[in-house]
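Below sits a lone chain in structure tokens, taken as the form predicted on its own.
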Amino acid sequence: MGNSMRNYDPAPDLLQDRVIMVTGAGDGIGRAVARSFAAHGATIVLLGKSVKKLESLYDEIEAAGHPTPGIYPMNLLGANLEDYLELAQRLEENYGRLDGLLHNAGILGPRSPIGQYDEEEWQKVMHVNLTSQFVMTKACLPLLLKSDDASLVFTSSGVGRKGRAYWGAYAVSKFATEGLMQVLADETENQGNLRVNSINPGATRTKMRAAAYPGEDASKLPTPEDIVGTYLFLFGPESRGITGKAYDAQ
């Protein structure tokens, strides 16, 4: 735990011919990582809830001359099993496989003590940060196993490795995410062509961070673009065989 590849120096064509889906691709870390993956040769499937944000990222990637991405608008809060099966079917039809899946989408929920935590908000956070990722992973697992070299990465948090007061369902969902990663890594370890790991992005200049720490001076934090090294390492061929590990992006 705690490995970081922040200073990783990838080959320009590191992700050439790889098909990688990034959730929460419209903003923040997801957007920066998707852009970086495309710049290193990957065909990116941009999944997020805002069509407008996904389209602007699509235009950026196209204008830079990178492989044409796919766009898949989806709100994880309202999606059901049929939606995930349809997603997997569309990916199968368009690409035939998945070489990578980054579970980056997540919500913060309220910051309040457990004794006062709203049950509905709890369910929402657990649904988006955990249950939806389980169902999407289950639907996409056959596509990942069709790849010669697939990487599945979950997004964790410092409060998903050591609990902290008032982080409520967010912290608990991230602990559970680490558990899901470990179970799946153990189950697929002998298949050789799929690795499953987690990344804790750390304190980064994002909207979620600003909501959690409104008094903080954001200009002192690294930008999402500053932390893409660990993501590139885990989705590229040099991390082959590394599975079940918890990484820090910083």
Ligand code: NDP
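All of these numbers come straight from a predicted model, not from anything done at the bench. Counting begins at 1, following the sequence as shown.
Unshown form predicted together with the named molecule; subsequent notes refer to it.
None of 59-67, 207-215, 184-192, 35-43 except one has non-hydrogen atoms within 4.5 angstroms of the named molecule in the model of the complex; the exception is 207-215. Among heavy atoms of G100, none comes within 4.5 Å of the named molecule in the model of the complex.
In the model of the complex, the named molecule stays beyond 4.5 Å of every heavy atom belonging to N197.
A residue is said to contact a partner when one of its heavy atoms sits within 4.5 Å of a partner heavy atom; G24 meets this definition for the named molecule in the model of the complex. Using a 4.5 angstroms limit between non-hydrogen atoms, L141 is distant from the named molecule in the model of the complex. Residues are counted as partner-facing when one of their heavy atoms sits within 4.5 Å of the named molecule in the model of the complex; in 106-127 these are G106, I107, in sequence order.
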